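Below you'll find only one chain, the form predicted on its own, shown as structure tokens.
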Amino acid sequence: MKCIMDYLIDELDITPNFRKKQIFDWIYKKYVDDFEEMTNLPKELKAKLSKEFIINPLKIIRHEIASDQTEKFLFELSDKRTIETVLIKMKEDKYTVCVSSQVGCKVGCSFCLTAKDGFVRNLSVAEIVAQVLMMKKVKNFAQNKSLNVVYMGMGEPLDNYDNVVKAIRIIQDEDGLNISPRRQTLSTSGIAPKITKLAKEDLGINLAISLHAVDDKLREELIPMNKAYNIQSVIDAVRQFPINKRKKVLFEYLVIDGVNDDKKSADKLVKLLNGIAAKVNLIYFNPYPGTTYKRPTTQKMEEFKNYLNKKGVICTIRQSKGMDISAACGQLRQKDKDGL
């Protein structure tokens, strides 16, 4: 059966047109997931919709809340596969939702638990959109409550290009979730041709690059995809990406103790980003069972950050969230698989 959240409003074959807006208001503004609850629709239309469509493709099967109010959700899909979504509470009652785009991942980053089970399939448009909708529904947020949406959960967003781009359009559409593209950030491990293609879509979203290393040898160890799209090809593609003058391209740098946290790496990073409106976000590595990598000390993180700032590169440290729950991407899914 088709899912109605796979469609933009103009793609629905429903007449008269005002009925489509009524349906979308029920779904995206009132968070209703049963056509029978749409009280201003004719009985015949509700019956037709119920026969042709489902509304919500996600089912919550696990939910963890950390002491810092970070919330992690494990969703079951129609084929019984599972994905994770994270809701992070920021300052002043602001929230960021971290959205998955695939079941598993092809990229195979050595520091990522999601990659351990390999790639299963892409998420549908509806399965992506519904993650954001479910955050608003579970928290009972007002329809005009904005969230920051970050496509950096399970999977590589640009490896599921068409579905992710359409989901972004639905999430930003005023008849959909009406979340400004300026509040949406796509994070990629660096599929250079797809970054160039995305630039031509002119979606108005922000771009984040999971860089993590400044020389190809180390980056190939951390991110095997670097063999196909090396650092220079990624940087060249980024230079073509349209960024709002008030925004910067975010470069995510996962700091691993004794691996990429030295002064030489910092100097290379400064040189690499020369001429780009860039901001570097240092990320603490979150250890998981079986990894040989270690979390860096706070002192090392501060020294790395301060050095970059002195060299004129805006740099911040992302404070780890949800450390007392299944923090790293893929951990809650793995815990469920292991029956823990």
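Residue indices: 1-based, along the sequence shown. Every value quoted in this text rests on a predicted model; they were computed, and no experiment measured them.
As for the form predicted in complex with a small molecule, it is not shown, yet the points below apply to it.
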{"item": "Tyr284, heavy atom within 4.5 angstroms of the small molecule in the model of the complex", "value": "yes"}
{"item": "The small molecule contact at Lys136 in the model of the complex, heavy atom, 4.5 Å", "value": "no"}
{"item": "Touches the small molecule in the model of the complex: Lys72 (any heavy atom, 4.5 Å)", "value": "no"}
{"item": "Contact test in the model of the complex: Phe111 vs the small molecule, heavy atoms, 4.5 Å", "value": "yes"}
{"item": "Among 241 to 249, 182 to 190, 126 to 134, 140 to 148, the region lying within 4.5 Å of the small molecule in the model of the complex by heavy atom distance", "value": "182 to 190"}
{"item": "Contacting member of Asn206, Ser210, Thr85, Asn226, with respect to the small molecule in the model of the complex [4.5 Å, heavy atom]", "value": "Ser210"}
{"item": "Tyr288, Tyr307, Phe53, Tyr31 - the one with a heavy atom within 4.5 Å of the small molecule in the model of the complex", "value": "Tyr288"}
